[in-house]
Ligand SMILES: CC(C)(COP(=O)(O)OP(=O)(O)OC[C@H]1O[C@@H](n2cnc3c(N)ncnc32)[C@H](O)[C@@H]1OP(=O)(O)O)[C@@H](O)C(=O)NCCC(=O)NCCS
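Before any questions on binding or motion, here is one chain by itself as structure tokens, the form predicted on its own.
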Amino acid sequence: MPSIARLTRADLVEARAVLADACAFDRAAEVAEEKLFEPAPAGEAVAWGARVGGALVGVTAVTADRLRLIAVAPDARRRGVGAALLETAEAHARAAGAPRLRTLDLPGNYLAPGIDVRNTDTIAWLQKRGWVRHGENVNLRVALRGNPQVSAARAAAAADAARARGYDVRRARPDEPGLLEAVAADFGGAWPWEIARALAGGGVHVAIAPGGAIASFAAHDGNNRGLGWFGPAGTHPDHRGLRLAEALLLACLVDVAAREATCEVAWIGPRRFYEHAAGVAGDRHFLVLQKDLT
């Protein structure tokens, strides 16, 4: 039987190796520290590892009522490792008062907005253990290199068009006045938290209206930092229809294109907007599973 114990950052190198080996559909190893140890708006992360013969072979993490991830190295599967980790995660959530536990879609700090539907083995494994379908989410993938819709020249032209209407379009300052307050007032949820994280890496662009109010914002690398994911982004209702969102999207995509061939747009809303502004290379579909703990 595996031994289960809390993970610390001292275990990070081993945990990355497990995630690299186990996660075929997500770049989990590259964001291991963020997903295993960093908080979310709902609370702190609690992570455990499973060891067999002293070697780390599986990991899991929970925040509040979300199972942030669970992964077992392929060579260690079908030995009760995953079951022991899952039981530990469920027991922790239950003891903390969570009436149910859901997979991955943790606002603010999520590996993915659900389990990739191609990961049929994991979905079936969870369903055998009482987890049921709760919903679906979709990400878009935007090609960046060789895409004529994504270029520095096109981003500059879009910004110039916004400036001609009186808006100041630029990269947000690390302490951009009024930005977090405007995001909280107009959109709320986990968005201010993600924007604050993106600001720390210079990944936020803004459009400032005449008079100084935040009219529109867009961010990348607020979640899954380093992977170039886009979002959150929004425009105040009084300033919609002026193509501010397109100018800021393109600015973010040009940033990401410096290191990534594609950009992932998570939890999409207006698909047609992305198709028009930047083109869509493909979709990723995710299934959210849930288990009643009462």
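Worth saying up front: this structure is predicted, and the values here are computed from it rather than measured. A residue's number is simply how far along the shown sequence it sits, counting from 1.
Only in words, not in the display: the form predicted together with the ligand, which the text now covers.
Comment: the ligand is not present in this chain, but in the predicted bound form one of C263, A233, A247, L69 has a heavy atom within 4.5 Å of it, namely L69. This chain is drawn without the ligand; in the predicted bound form, the residue among V132, A83, A96, A184 with a heavy atom within 4.5 Å of it is A83. Within this chain, R145 is remote from the site of the ligand in the predicted bound form, having no heavy atom within 4.5 Å. The ligand in the predicted bound form is approached by D26, whose closest heavy atom lies within 4.5 angstroms of it. Mapping the unseen interface onto this chain, R77 counts among the residues with a heavy atom inside 4.5 Å of the ligand in the predicted bound form. At least one heavy atom of A22 is located within 4.5 Å of the ligand in the predicted bound form. The candidate stretches are 151-159, 117-125, 171-179, 215-223, and the one lying within 4.5 Å of the ligand in the predicted bound form by heavy atoms is 117-125.
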